[in-house]
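A single chain, nothing else alongside it, follows as structure tokens in the form predicted on its own.
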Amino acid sequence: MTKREKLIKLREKALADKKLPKFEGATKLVFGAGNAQAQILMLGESPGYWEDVKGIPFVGNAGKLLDQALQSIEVPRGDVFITNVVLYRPPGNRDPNPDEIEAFSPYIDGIIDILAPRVIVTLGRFSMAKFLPGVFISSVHGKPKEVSWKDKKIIVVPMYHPAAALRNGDVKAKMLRDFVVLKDVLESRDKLVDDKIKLEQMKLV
């Protein structure tokens, strides 16, 4: 079974899960979108109005800013996979509560397991807390952290949510600088992979 097929199967399971909190007014499960072979997973908070309308994460104004930030480091949106820690839109775009985040966590964990990404970018404090609990985003944004995920190591790059960046010019500037850090992380990982391949090739000579 391919990664894409596994993601489709997991989405179907989430759609059929009656235990998930389906918030009043929410019309669609916004499971996630992007490349099933992506090495970068971007994890936000919850769907907004336009996400609920289209069933795709980050398609409103915050999504446009996210697209611009990705373009600024020459990463096509089609090369990443994007989802949220909550898959239905909360009423009035309110913050998700811990119980709601926990209810959706098996599906978020499943997405991570299927993708096996090299880097996870957390957008906002709720997704950051999944990997870096008990810290303030103002202290750790843009600072890559290596975290243990089951039997793997994953680089987590915490960032401000694009919606917060739209409301505050200073936060926007910080978010865009953090994307430059993300570019450095990606280039460093690429170099490590290239060096490993060269070393293996030398062993075969």
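Because the structure is predicted, anything quoted here is derived from the model rather than measured. From 1 onward, residues are counted along the sequence shown.
Here the subject shifts to the form predicted in complex with a small molecule, a form of this protein not shown in this document.
Chemist: Heavy atoms within 4.5 Å of the small molecule in the predicted complex: which stretch among 56-64, 150-158, 169-177, 137-145?
Modeler: That would be 56-64.
Chemist: So, in the predicted complex, is residue 32 in contact with the small molecule at a 4.5 angstroms heavy atom limit?
Modeler: Close contact is absent here: in the predicted complex, residue 32 is far from the small molecule, nothing within 4.5 Å, heavy atoms only.
Chemist: Spell out, yes or no, whether the shortest heavy atom distance between residue 122 and the small molecule in the predicted complex is within 4.5 Å.
Modeler: Heavy-atom contact with the small molecule at 4.5 Å: absent for residue 122.
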